[in-house]
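Only one chain is given next, in structure tokens, and it is the form predicted alone.
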């Protein structure tokens, strides 16, 4: 009888162990389903999971085996376990755009101002403006850099840094631009108050009111507002969601119209998210150089590659100083510091003068603080972390859109940055959705704001640079309902 009881105890223990590893496997499967671990992403090691679930290592290994049998995870030699990449099929992407092939006067500043003002409203769910939430920024480290500079360089930080700007910052920028394939001297850099000012200064130098500016379609609405404010006309060029601006279409446009300059965001474009292939960039620079059309390159997202491989800038192919390269730290370090720069090529003297008469100088304290941050190597450590975060965010939001939006919705597949471009069913009206969502404290960017001619009525752009939580998911669910109406 005692032996029988002993046998029953052993059997019960085995059943209990089996239930425990099944429970662990179920919880891990739930985390994968919820997006805690994404397709292709490594899950924690056995020791960490053992501690996390308060179970033995053998129990975790059994759970792994069960998840492998269920084809949820896969083992990689000497690397660990990864979520299988075939779990989820992303939605289709939008196709090549077909804007009107004629120059257009821009009149959309009211909507752009409404969008920017909405970002300031208390309690708003910010999915509209491409501004990173503070949780994605190295705010504490930047504040420490500001305090160090203020403490050790009191007199200098209270003075002007007239154009071209702080030599320390220009040296750091010149070093960093080597990663983008650009060998430049610090003397070739002009510091600006963000990339928006950089774009404005460039257009002032290369164009006059009434001139035609070629740009991608869709394009960042901030570029359109600068073009509008300077009395210029926009010529929208067909653009592919993976390849970028059509070089062939641009060639035809230049042959047909007196194009004075071209603007583009070639690396992790806003709003489409693509990274223009290197051979396309080279062909673009060659084409524009042949016709003596300056290229204004906006590269604010170039450092945010999901695969950690920083793409080359179009500027790297410039042999005639015909590319005016613009960027800033607003999408990576701090929007509030308003620090950007231009490498203006042959337009150096004119750009420095325009900077001086426009705003005298960019705040010295901000310049010196960012130079300090870069010099200490903190920027690269931060980028390694935030690139992974943005990759996760884009995948989570794309999965949610696939789940909650109407059938037939298409979404771009960015390889860097933090925005997605969403094509809704043709009957959807993004302007109506914008106003209805704003009434519920949800802000999005409607498609027409990205077009000089008001195209993309059934498109929206969503910024993924907000923490994923229940409120974010609820906002996506509500937007999906609006798109169904």
Ligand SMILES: Cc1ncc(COP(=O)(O)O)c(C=O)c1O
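Positions refer to the first chain, counted from 1. Small disclaimer: the values here were computed from a predicted structure and weren't measured.
FYI, the form predicted together with the ligand isn't displayed, but the following is about it.
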Interface segment, criterion being heavy atoms within 4.5 Å of the ligand in the predicted bound form, picked from 281 to 289, 400 to 408, 379 to 387, 325 to 333: 325 to 333
Contact residue in the predicted bound form, chosen from 263, 173, 130, 201 - any heavy atom within 4.5 Å of the ligand: 130
Contact assignment for the ligand in the predicted bound form, among 164, 241, 103, 194, heavy atom within 4.5 Å: 194
Residue 338, heavy atom within 4.5 angstroms of the ligand in the predicted bound form: yes
Close approach of residue 300 to the ligand in the predicted bound form, 4.5 Å, heavy atom: yes
Any non-hydrogen atom of residue 220 within 4.5 angstroms of the ligand in the predicted bound form: yes
Heavy atom of residue 362 within 4.5 Å of the ligand in the predicted bound form: no
Contact set, 158 to 184 vs the ligand in the predicted bound form - heavy atom within 4.5 angstroms: none
